[in-house]
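Okay, so here's just one chain, in structure tokens, the form predicted on its own.
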């Protein structure tokens, strides 16, 4: 009971910190940094939801983001549909892609699933690049800003309002993932992760549970992708933006934070985005620095930063407990 209270108290403090700091600072640069932190945190948490709980390797997460972003942007550009609706539409598009990918791959294991998702992501980028009459390809697609709501402007000239939209999206996604992994379904996920054959013998439909996990994650990746398109204002289907490089950043944050924790991705995002800002003058070496930092963290904390925090908390608890 006490541990549970501490957990919820810590969650509340983190929420308060993330909600208050950008508003109090009222600085566009700091707001942009916090937007990056939240974006990479929630994408890494979704990656961890697949990999850390069911060993599903989704190496095409950048392509799934692109599909969500373009679905929302194209609906607004060609048909005048509100970008607010586009957030859900982007999620539904990637859910369908995830459903298709899951049906054809989730009977396989390990790297085969990862390679299939990577091929699908590359196909999405190839299609977006070559349908120039519809997507504008490499010329770039202008994305409509989110319309005003309740008298609040969500234009790109008001980054603080966009930050709070992302904040709400992240809270909804994280709470949903947290509820899933701490439910009976989450217990089955962990059982399949630890012993797939044993779970199958006990009567659990392994493919069905994997498909559920994968489609939930795919839907939320599309929602985040749709927001990302509205945030940056113009979409170009480049490998740097939606390809392997993006997936590598997300994977690194998930591993640095700690697999199978969800919340560890927030620590990883702060660490990696902070590192990126400090070494912004050598941007072309960013992935090298990420890799070196990943190796360092995993050498010192094999279970990631979240595992290190748990070890520290356990040590403090032992020190403050009265000795008998």
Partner chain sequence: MVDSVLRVDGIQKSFGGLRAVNDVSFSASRGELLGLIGPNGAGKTTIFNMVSGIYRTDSGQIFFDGTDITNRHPTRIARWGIARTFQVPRTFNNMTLEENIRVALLQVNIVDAEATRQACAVLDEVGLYAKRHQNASELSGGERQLLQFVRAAVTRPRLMMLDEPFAGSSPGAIDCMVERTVALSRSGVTCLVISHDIVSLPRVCERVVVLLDGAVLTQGKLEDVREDPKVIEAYLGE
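Positions refer to the first chain, counted from 1. Just so it is clear, the structure is predicted and the values come from calculations on it, not from any experiment.
Heads up, the form predicted together with the partner chain isn't pictured, but that's what we're talking about next.
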Contact of residue 190 with the partner chain in the predicted complex (heavy atom, 4.5 Å): yes
Indicate whether the partner chain has at least one heavy atom within 4.5 Å of a heavy atom of residue 151 in the predicted complex. no
Contact label in the predicted complex: residue 205 to the partner chain, heavy atom within 4.5 Å: yes
The partner chain contact in the predicted complex: residue 198, any heavy atom under 4.5 Å: yes
Only one of these stretches, 132-140, 84-92, 190-198, 171-179, has heavy atoms within 4.5 Å of the partner chain in the predicted complex; which one is it? 190-198
Taking the partner chain in the predicted complex and a 4.5 Å non-hydrogen atom cutoff, the residues of 139-174 making contact are none
